[in-house]
Structure formats: C-alpha cells, structure tokens
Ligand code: CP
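Shown here is one chain on its own, the form predicted alone, set out as structure tokens.
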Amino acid sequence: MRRFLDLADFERDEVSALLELARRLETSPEPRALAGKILGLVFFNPSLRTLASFQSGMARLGGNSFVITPGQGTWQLETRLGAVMNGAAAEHVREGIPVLASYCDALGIRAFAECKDLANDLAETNFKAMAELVDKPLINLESAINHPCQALADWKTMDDLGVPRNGRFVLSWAYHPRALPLAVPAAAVHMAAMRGMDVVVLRPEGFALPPDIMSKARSAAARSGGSVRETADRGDALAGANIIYAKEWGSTSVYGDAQGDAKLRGELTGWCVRNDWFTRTAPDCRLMHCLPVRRNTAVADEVLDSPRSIVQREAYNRLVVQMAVLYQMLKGV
C-alpha cells in the first residue's frame, strides 16, 4: 500500500483484510515491526484523536514520528497556487511538503475544507496539489471531502459490536452553531454503503449532501448489495435503525454564505439527538459520532452517557485500524 487516501480506492475484500490485520495487531502486538521507520504528520487544522492515535500507533509498532503544525513553532505555509506571498506565510507548500517528505518514510496530511467554494472542495483541490508533491507513502488525515481513517474505524466498531452488514445506518445531521465541513459525513455514508448497509441520510431542508457524494455512495451500495437514500422525515429514517451516526455539517444550498447558513440553522436547534429519538422506532439503536461533540447542542448528555453510545469505542478503534494501515504501508519497505 503506497497511499491511504479514500476507502473507495480499495475493494471490499481489501478493506476486510485490513480490518483483519487490525484485529490481529490488537490481540497480538508486534512492538518492533516498524523499528527505524519515521512517520511525518502535518496538521493544518486542529486534532486530538488523529494526532494522538497516529503517534501512539507508530510508537506501539516500534517506530517514531514528528508533528508539524504550520505557524506554531514552524513557518506558516502558504497553500494557494499562484499566491503573491506578501502576507503571513513565509514558505509555500511546494517547497515545504517535499522537504518534510524527505525526512520520513511516510507522511500524513490534514487539511480541512475552506467551506467557501463547494466545487473546489469537492474536487479536493488543495489536498491533491499537496499529494502530488509527495513521493513517499501518504495518508489522508482528513481532507476537504474525506476522512478514510475515521471511516475505517467506524467500520471496525460496527463489526466489533455485531451490527449486521445489511442493517440500517442513519447518518443524521445534528445542530452546531456554525457550518462544519463535509469530510466525515461523506466518508461515513460511503463506508456504510460499501459495507452493504441500508443507508439513510436524515437532514433538514437545505442540508442535503451534494449529488457527487450521494452518487459515489450509491455506486458503492450497488456493488455491495446495500442502498442509499435521503429524507427529512425523522420517523421514517429511524424506523428499525441499528445505528444513528450523528454529525454536523454546513448547508449545501448556501455553501460559503455564512449569513445564509446561520439563518437556516438558527431554526434547527431542535436537531439535538435525545432519548426520544430512539424510544418509539429504534429502541436498540446505537449512537455513533466521530468526536469532538458539543454536548446538549448536537447530542444530549442523556444519550452520550447511556449504554447505547459507542463513541469511545470508535475513538479507540482509530488507534487500532491506523496501526494496520501503517503496518501494511511500511512493514518490509
């Protein structure tokens, strides 16, 4: 494996093999497997789980890592192509990224969407421009429209808990005081479709996922025997659901318009996941969320602190599946 950028780059049996490797490393550690290997991590955006789990995973396999947060102890890096660099950034990624790649055996990059231009974000313009500069194994730590590490951990979490491959997976929009990127919802809906699930995207009007994202998920579902649809009807979506995956994202009908987005979401504070979402139609349903989560805004305490919440298991599995990615990418290289 040279690149781990998108689950869609792999066949379903390849994902299954990666998950089996993760389970093996979980129960039978190999603390010297990556001795002498170095992982570089570049974070243009904040992180807690991704940063800590990759460093921990590399250490558990006997390797080392370094972390670069541009502008915090290092030069600020400019990402725009053709930029006139007369502002805060002292160095361009076209010089900085190849230098960092030369210092390590694999490189991971996190670069969120700017949430200004939907077509630009869907095209992964910034991430792809940096990826083209890397001649080493490369990991997507979250880009504008994808988060494959989270998606792989979510898949393993459902496997661990015996969630049926053909069960109902509801990706539900949840309230947040500001617009957030589409990376996790896009990755989650594709992952569940690839797993073969009955996928329902539950969202208010104005927050439909872009056609490109839905089309990609439907193609995965067609190959796996699953299905994908969208609705604004909560009762319809949750009937018989095995999983509610709560996630916040910005309006796609007024993408890049902060005032328009705020006006839409200002009416939607009731989209906080509470116990009454489950009691009638999905009593045995589990709650998933990638974290961080705003308590009593996106998801209520009564749900997060209940046995139905599996968010901590998801977070733990980030470590396990990423160890498998690193092992397959660097063992024997």
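Just count from 1 along the sequence shown to find any residue number. As the structure is a computational prediction, the values presented were derived from the model and not from experiment.
There is another form of the same protein, the form predicted in complex with the ligand; it is not shown, and what comes next is about it.
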{"query": "The ligand: the contacting residue among 266, 46, 36, 29 in the model of the complex [heavy atom, 4.5 Å]", "finding": "46"}
{"query": "Partner-contacting position among 190, 168, 110, 156 - heavy atom within 4.5 Å of the ligand in the model of the complex", "finding": "110"}
{"query": "Complete contact of 6, 140 and 146 with the ligand in the model of the complex (any heavy atom, 4.5 Å)", "finding": "no"}
{"query": "Contact of residue 292 with the ligand in the model of the complex (heavy atom, 4.5 Å)", "finding": "yes"}
{"query": "Residue 150, heavy atom within 4.5 angstroms of the ligand in the model of the complex", "finding": "yes"}
{"query": "Which of 296-304, 280-288, 48-56, 66-74 sits within 4.5 Å of the ligand in the model of the complex, heavy atom basis", "finding": "48-56"}
{"query": "The ligand in the model of the complex - contacting residues of 302-333, heavy atom within 4.5 Å", "finding": "318"}
